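Here's a solo chain for you in structure tokens, the form predicted alone.
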Amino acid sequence: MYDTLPATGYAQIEIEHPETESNKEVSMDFVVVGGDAAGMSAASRAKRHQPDIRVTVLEMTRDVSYSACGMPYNIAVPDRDMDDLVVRRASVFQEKQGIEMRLGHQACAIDPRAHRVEGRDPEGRTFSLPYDALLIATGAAPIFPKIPGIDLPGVLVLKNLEDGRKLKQYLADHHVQKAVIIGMGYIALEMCEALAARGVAVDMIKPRPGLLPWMAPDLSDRVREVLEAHEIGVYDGHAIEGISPREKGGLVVASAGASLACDMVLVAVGVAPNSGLAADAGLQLGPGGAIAVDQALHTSNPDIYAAGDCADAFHVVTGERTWLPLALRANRAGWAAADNVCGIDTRLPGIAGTAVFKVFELEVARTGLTSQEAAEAGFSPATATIKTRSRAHAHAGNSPIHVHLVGDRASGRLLGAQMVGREGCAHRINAPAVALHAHMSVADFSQSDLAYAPPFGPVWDPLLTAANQLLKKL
């Protein structure tokens, strides 16, 4: 039988309730599939809430609880150990918290009716594990474009810690002087800087035109200028025909408009949610093929939760489902899932898609919707883009900062923000992010009492200047 959980104004999800469902008890079996951000956050929190709960974590790799976002910066330093990024080892979870950690264990199937997870252990033997509550926290996997030669030696990815070890070892063993990065997203841009720091020349290539298509042109052009100033080759709009080995060693990435020789290829075209396990179990999927969850992280089965990069979320601006793999959301969703497993009603309102990354000396930040996304969501968008200074005009060290805001003509709401500059973007973007969560209008945001001191910004903060310009267009 089915019912619909209230989602406080957001899209709803159908939850299947088996006729044999029984009440959960404290001494339940809580099984977590996936041992990184969402999975280990949930496992630890469940143990804090209910020390008697039996928590088992199935992790197919040998690594848990590490800072994946720190890998490009680790790779930039040759003599730094990749394991420096490990936050807590599996043995600590097991010995100090009583969480049963099963590393090298791959979950292959879920039987929702029998409440069991089937899988293989490190020796290839099958296992069957019962659960009362199950969390799927399988994350996301790198996308491999379907081009000839994508599986050649020297074609690498960077998603998990083992990928980082392999990439770093490849750099050490092969005396890499030139690399080609397929893709121009966050990881690709961060790896440009990391490889350049090691003296590696870099070319970037992708089929679609535009360096950062989601970004306002003035801001995207600034990023391109910095890349080219650091002698990064930017080949956007080049359909890749294939990767082939060179006669004298190395690889060649061929396209209709360029042939790029290199010693290594890094594939960084994006990621896709690891939702196959859920789909095979008959669970509902959402945008991008992510696992559909409600605000309490329930899937379409009442005893199965999903959190992290494998699951969707609600967007606080549109109220609709979206899939945006973000670190903070993964950790927060793991906590919320554990709360609900332990009988503590916890619901997450959603995400604004706030993100920031570094490209050499530039800080690049965004939150909310782009103008195109706003139009597709049914808004009537207006935009304002300004260029001003990061500090008071007479203060030494000030530098240009670009701000782009998106608002809705019909309602006056603030819908999104983007920022690019040498300083003052990474934390400044949090102000419009909070405004989006609060559903503030551009007029209200323009009246915000933001801090001022000459070393940190002009009297009229760049965000306020942009908001005042946007008000004229609304």
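From 1 onward, residues are counted along the sequence shown. Everything quoted here is computed from the prediction, not taken from an experiment.
The same protein also exists as the form predicted together with another copy of the chain; that form is not shown, yet it is the one meant from here on.
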Can you tell me if R409 lies within 4.5 angstroms of another copy of the chain in the predicted bound form, counting non-hydrogen atoms only?
no
Just to confirm, L85 within 4.5 Å of another copy of the chain in the predicted bound form by heavy atoms?
yes
Contact of Q94 with another copy of the chain in the predicted bound form (heavy atom, 4.5 Å):
no
Non-hydrogen atom contact S255 with another copy of the chain in the predicted bound form at 4.5 angstroms:
no
Okay, which stretch from 332-340, 286-294, 163-171, 141-149 lines another copy of the chain in the predicted bound form, with non-hydrogen atoms inside 4.5 Å?
332-340
Which residue among Y235, W214, F357, F127 has a heavy atom within 4.5 angstroms of another copy of the chain in the predicted bound form?
F357
Candidate from D203, D263, E373, E363 lying within 4.5 Å of another copy of the chain in the predicted bound form - any heavy atom:
E363
Under the 4.5 Å heavy atom criterion, name the residues of 394-423 that approach another copy of the chain in the predicted bound form, in sequence order.
A394, H395, A396
